[in-house]
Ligand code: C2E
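In structure tokens, one chain follows: the form predicted on its own.
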């Protein structure tokens, strides 16, 4: 409490006494001196022999009324002072609480992100060696989901306690940046071996049982480490590099630690740029369909085309599927790319011969998606492309994950007249089993059976063709090249192979070039055995 608040009651008493003395003195002065003078000055009659008792009665009455007139204001003033004092104390408490909340995390008691960054910036300005160990808990979400948020909060409190002890042992500072993300700030370490020991002790400490109700191995930690004298002298950059190193640990199996690596950062940035470029490519339809002809045997007349994706980059280069398909799969953009390819391909074929078919390979995730058949059928309706001129290719590998869902979806497509082909046949898991369980119309013999100069596989090809005849299925041979002339195409036709595909009959081309080639040929002989 301030000196003003301590002395305030005494000053109030002094004020009351001064007021009473003033009123008493003025009353006495008026009755015994000033009244006679005033009446004389005004020319009014005045009886100077007035009894002194009456004069003193007036003095006492005046003082009494003055005292009474001061009681109520004094009481009100006292209450006002007390209320002001209480409000001031309450404001001090709230201010102290606000300052605490502004500096410390309310759950763990550790300093928060703002204060941590201030301390980091201060240390960097003073050119002190600073080490950040960014700690992210492993499997914490599973604890929240399984045991509830109260258990999760208890885990965070215990983790904070353990990190505080480790920070104290190494003259460091522990902070909670948010969620299940913590940080240690070290200022007296430069040796990598010492930092490794600290990181390993943190992982070991946080891997020990946290609560009795939790499984012993239900928690762990992954750590990213950055150092000011190696990685950056800016606080935000230093924290970002620790974050990058930490996510590298997450991607490599968790419960480990990594130092920031500039080469890894470059690769990560390149991956980010590639991801962004591919997202843009999907939106701008830079991934376009190329068309490779499929011919009938033995006539070798073109009966359709397989749609193959190519990335036509803004710089004029062309990306092959191996460059971008795995990335699109990771980003979950294969369905969007497929819809774009179908739309572009249907648009390109509007001026083509009406008997030509289109064939498209469909990913495992799409073929087991319950909504895929309806979406494909609806898109073909919108593009006004006949169902019986469209073929869906799947691989045996795509069927392994969810055979029942694939079976339902393929049956629905087959019921609407869409042809279903099993691609890369002969190198999968259990081709014959899948042929008997699924609505398969055609098999495509893998190109590996037709390697140049290798005839050892031809008996196997002959067996596949015989099996297809028994099952009343069409067969396409893939990978037929110029080197296979003159015997392989005729041998395939004589053994019951219906179609062939490969560089012998044409490389993949854009829709424009394909249209030019079709216009330059004599009118194509119609072949109706594609289905």
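Since the model is a prediction, treat every value here as computed from it, not as a measurement. Residue numbers count along the first chain shown, from 1.
One more form of this protein should be noted, the form predicted together with this ligand, which is absent from this view; the next part is about it.
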Subject >> Of 440, 210, 362, 173, the one that lies within 4.5 Å of this ligand in the model of the complex (heavy atoms) >> reply: 362
**OP:** Could you work out which of 343, 279, 447, 250 is the residue within 4.5 angstroms of this ligand in the model of the complex, going by heavy atoms?
**Re:** 447
Original post:
If contact means any heavy atom within 4.5 Å, which of 492 to 500, 22 to 30, 461 to 469, 474 to 482 contacts this ligand in the model of the complex?
Top reply: 474 to 482
Original post:
So in the model of the complex, does residue 320 come within 4.5 Å of this ligand, heavy atom to heavy atom?
Top reply: yes
**OP:** Tell me, yes or no, whether residue 396 is in contact with this ligand in the model of the complex, where a contact means a heavy atom of each within 4.5 Å.
**Re:** no
**OP:** Would you check, heavy atoms only and a 4.5 Å threshold, whether residue 413 touches this ligand in the model of the complex?
**Re:** no
Original post:
Is the gap between residue 389 and this ligand in the model of the complex 4.5 Å or less for some heavy atom pair?
Top reply: no
Original post:
Candidate spot 310, 337 and 423, all three in 4.5 Å heavy atom range of this ligand in the model of the complex?
Top reply: yes
